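Okay, here we've got a single chain as structure tokens, the form predicted alone, with questions on binding and movement later.
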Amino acid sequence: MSPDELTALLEAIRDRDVSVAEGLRRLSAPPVRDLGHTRLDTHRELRCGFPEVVYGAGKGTRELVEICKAICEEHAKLLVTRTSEQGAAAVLAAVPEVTHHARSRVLTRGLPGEDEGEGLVAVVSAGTSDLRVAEEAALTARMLGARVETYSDVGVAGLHRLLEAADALRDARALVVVAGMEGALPSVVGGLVARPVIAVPTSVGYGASFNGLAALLAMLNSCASGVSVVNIDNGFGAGFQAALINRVGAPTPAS
């Protein structure tokens, strides 16, 4: 049940279009939909503001399709991360209104337009090779209702490219900074803005980068204040966190 559905039910009870007994019956329904292989948390949106997100990797095609169809029956929005090409094709065939974002391996339904959303989350990526993770972060934040601006290929190897965007970055309520190699970019950004910086190490780099471990350790040891770090390649986690910060920073409506 979504917040809108709960509001509609309570208003219907208030207006006596639905009996109290029927309202209690609907509200007491278990918040789990058992698909046999998966138990969906159908009240996640009501508690946390967004439906359960699907991690696509490792799921069979039939399982992934059944999960996506069930979520779409319960909610207006769908977000699936780390899908295979085969899994994405199967979901698109079963739920045509879903969009496949091939670079980031993300599936969305109900994605707001690029100019829509509240507040501002900035997603900053060091190089073109980091865009797959940066796009995952940007799509996640947009799905959670944030307006997102992206700044690509502004790594520390050409610092002037980042400085050109510094004024715009200061307008964001939260920033996601994605980098591989030596992972220095979040520290630089953290020294330019008075906002939370969520650092995302990527598995981009040559041998001694150890598939992102070097960037992860560099970010954990950042000398800049206000920098937090998520796991390697975890654009989803960073985008989700940034959207929550953005939501908290929203102005309170006048009473």
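In this text, residue numbers run from 1 along the sequence as written. These numbers were taken from a predicted model, which means no experiment stands behind them.
Keep in mind that the form predicted together with another copy of the chain is missing from the display, and what follows is about it.
At a distance threshold of 4.5 angstroms between non-hydrogen atoms, residue 69 is out of contact with another copy of the chain in the model of the complex.
The closest heavy atom approach of residue 193 to another copy of the chain in the model of the complex falls within 4.5 Å.
In the model of the complex, another copy of the chain stays beyond 4.5 Å of every heavy atom belonging to residue 95. In the model of the complex, another copy of the chain stays beyond 4.5 Å of every heavy atom belonging to residue 102. The stretch in contact with another copy of the chain in the model of the complex, judged by heavy atoms within 4.5 Å, is 127 to 135, chosen from 110 to 118, 127 to 135, 83 to 91, 69 to 77. Contacts with another copy of the chain in the model of the complex, taken as any heavy atom within 4.5 Å, map within 198 to 215 to 198, 205, 206, 207, 208, 209, 210, 213, 214.
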